[in-house]
Ligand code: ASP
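The chain below stands alone and is given as structure tokens, in the form predicted alone.
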């Protein structure tokens, strides 16, 4: 009888080990989106003091936003995932020096770059983020790599760059990111000539880039990337790489990406707040965005959101003079704007 119990115990142990080995790592299966042929992508290129831009500058931003939309749209049109579309759009904006992300990043107080990015899959609630990276050509791809290939969610500094190098991501010398126009902006600020309006405008424009998308399977994703705040010090990190502050996606509610004063988005968990308002109070996306921005504004911050809900409804909301933004849908709708809505009513 004792031998029989012993053998029975061994059998149960073997079965348990077999189940564990066959399952591998535990993954949050999330909520599968409803199958649909409809898809859409929304992008932003920052918010803040955006008004009365010279025609040539308007054109550059319009081209940048349009190209980012086209990159993401092509992925979705071919049946690609929302995550892949978000990465494609943001990679383009990181490579386009007109935006404050990747190669166009603003400079720290010491004249270097410290870039942040995050991405989130609304189907699984998996997410990845990197912060304070100085050499990764496309931080958004590093964030996705963390999400897809790492048990962690958030890697910082040298560790993030070591991880990216191990997985073959392209690293660049820091000089690649340090543009002459950014050096001139920082020099004017350091020389205490920032009373010139154009220099204050640089400080008041939050050049974060972001994208949200819904794919043909109804799955949502969101991503955000930034060079941070001009003249930042002490290793400052804002909301862009923080899941729930600057980026959030959940198939049950929405996908959102933020831009603005990062500290205030962090304090109010602004991105998650949008999703929570929708899930627990049944607020529509438009109202949830507005309420989250108003809460953030009550703490002294400003900025904006782009968003798309589980039904494919697109919305954005901001409390600044403007926000570079646009969308493109499978139904043929497309729009690119940069100024306050009142501007377009004239």
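Keep in mind that this is a model prediction, so the values were computed, not measured. Residue numbers count along the first chain shown, from 1.
Form predicted in complex with ligand ASP: not shown, discussed below.
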- Message: I need the one stretch from 175 to 183, 236 to 244, 147 to 155, 210 to 218 whose residues put non-hydrogen atoms within 4.5 angstroms of ligand ASP in the model of the complex.
- Response: 236 to 244
- Just give me the single entry in 102, 128, 122, 260 that has a non-hydrogen atom within 4.5 angstroms of ligand ASP in the model of the complex. 260
- Answer key: of 76, 113, 136, 229, within 4.5 Å of ligand ASP in the model of the complex (heavy atoms) is 229
